[in-house]
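Let us start with two forms of the same protein chain, each given on its own as structure tokens and named structure 1 and structure 2.
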Structure 1
């Protein structure tokens, strides 16, 4: 979809409000005017003096820096594009504090940005807001091997941290496909879920403390390293999943479990989603404490990975559904025995049609690539409409079938190059009832969007699901938050935003 196709509705203090619980055109971009000011060369000069290093400021105000700014202005999906002319790359929390205080005093809007791997436009400026990048804040501050508690800067890359922990027999309780570039601060700010949530739980439970710079520049140091602390409100939870709208996370304290000594991965083929549910139920019964992941992929997703990556499938023949199971524990002999009994049971009871068990680390990584490689392969044709949702497990895949039928009835899907939609794909974290509904397209198209939105959100609302399971709201889902939250909840969220950010400078035009 081109920018000229988007209807922009600008909310001002005097304008009537759009009701997010009502149906709205899918191409509306709802913008609340914050009254922030425009950047000047004097502002840029202040930041250059503050940060000192030439590499800490990317200045597109006094000169043309379009090439250098491109990576910050465009998201990973290349669906959202901002127009920032200034990127600030502080090295310390104190520098972030001074930046934010100056911006608040001068009514300059800012957008916190980590690895910029988000899927809903949350880290992209809508207009020309200043980007505050955490890329240079990448130090591991401390790690206690006795308790497993890590304290690190927000700009630390997830994979780097996990490798650091691996050398100390621990593991980070989060694993994502974007682990090679995403930042811890961004993970916490979006409450990223990922592949290990079934075993280790969400970041709401694993994060023990945060260090945050709030919009007036105050540094809120709540980097607790205690697992139990019931003294008053647990305010850190406000910043987990807040997408940088009420403060910039600069440091994180997080509980990291012992690294498993034995990891097994099995890849299964199944005849139906009903059989996949049975396989999951039996996995919980047979594998219980060692079950660390149960991923669902439909046959279409695996055929697309095969076609794009040109890989040989792990199983002979085609199957309508596939599941990837991972177990992790401390005793390989014990884990192997449990997994073998599970596989014997599901095969002998015709729950699965076929399966393969990884024999070494190379095969483990190879099997995981059939799940983790899906998002990148879906981008092969040009664009993807992505919906990260939670639905009660019995109806998890029905949304995919209904969406595919809707697009087919509208004549928008097929192998013909003139049609915009390549297919409709469903995959995700079955253990968490988290579905990734993806619609790969040859081009973004208004007719496709009209069929998808608000249909997808209305479908989810009827089943009391969530329109955002783990990717956040950003720009993409802000107009639709009413499908998952009541008017009272929305009012309370807005009250919190006004309390912490009365000038509206912090990641404006997003979230609520």
Structure 2
């Protein structure tokens, strides 16, 4: 990339929105002027007094604390970097409330941060916003085994909570790769999707209540433990996926299902995406209530895993497509019987070309590794252009074919080391119509980028797809939201932001 490729766009609260459908350079430096103020040592003094303990404040204003601040200023992929000088680690909702009220009164910008495992820079400051970390708010407040309803602090780590629930025969209705670090508050704030969505549905259905500190410092206690409550607008829904732009979630109430006692996995080889759709339809019919994952992997993704991981593939011979099916139920014998019947049906009806069923827990893990190992293997050649998108199911894979065709026509793909692109790979949560389009590359290349964008976004827009299925907007997708939302919707969203955060202090410079 050359310096002249960078387009600078300066945004003020009143300037017209960037319209990416008309004006889409490869790189945009988006500068947004908000009304927030610079941090002073007087402010830091106030927070130190408020939070008391030494460890609750990482102060880079009065001294150099850049080493301690590094983990908060940078995301785990080292893609985004902010310049905060102050991290606050409150221990209670009341402390969060006082922090936010003070920041609002003094026009100081705030970025809430959980496990900092996001992929779009949503929890990283852009400039010197104060980071409010939920790390020290990590108590499970209550769990009712009868109803399966859990109430917990926002800073609880997902895996810790799931382990707690495992001991009580329940399961957290969300699972994702970062579970060892991510926080419940962050999960809810980003409306995390993950692996269990096909079975348990989205957080919009499972979250029963939230406790939120809104920008004026008020604690909104909506920690309902009720499944049904039709008394007015369901405002908690606005905070689910708001990425901390209208308040800080400090507590969550969530419905947790019974933990399945039996899990099994089948791995299938198929001739075409059309057959993969048939296999999915039949999986819903045969496996219905026990179906817990239906994942798609294209042939090239599995070839690359084989080449890089040097493992023996689960099936003999090559297939254009592969699917991984997981079942979770309460009776192993019943589930195995259903899964075997399913395999018989799809084999004898020529829907699948081949298939294998895990015989034990080790084989379950081994089959999953052919799906879960893809992202790591794709990094093998240097870099990967990644898109996490939703497309209506019938056309889900077409994006991969069309992108491959486009890069081929441009002469950019091949085994020849001089060509930038290794291949165009598609895989993902087919059961949720969520595709990961990945382009592993030997080097980042301007020509490749020019072919990919805005092509991919325009392609998705034409099919009413989403440019961000489960990762959110953050700073990464902010300029592109116009591809997935109408002007009117954007205006309505901006009205909400102005209404609930009139001073613009909450996670500014991002999101809508």
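Numbering follows the first chain given and starts at 1. Please read all numbers here as calculations on a predicted model, not as lab measurements. Each form is matched to the other, and the largest set of C-alpha atoms that superpose within 1.5 Å is called the rigid core.
Here the chain appears twice, and structure 2 is the form predicted in complex with another copy of the chain. After superposition on the rigid core, displacement of the C-alpha of residue 51 between structure 1 and structure 2 stays below 2 Å.
Superposed on the core, the two forms differ at residue 447: its CA moves 2 Å or more between structure 1 and structure 2.
If you fit the rigid core between structure 1 and structure 2, you'll see the Cα of residue 250 move by less than 2 angstroms. Aligning the rigid core between structure 1 and structure 2 leaves the CA of residue 380 offset by 5.8 Å.
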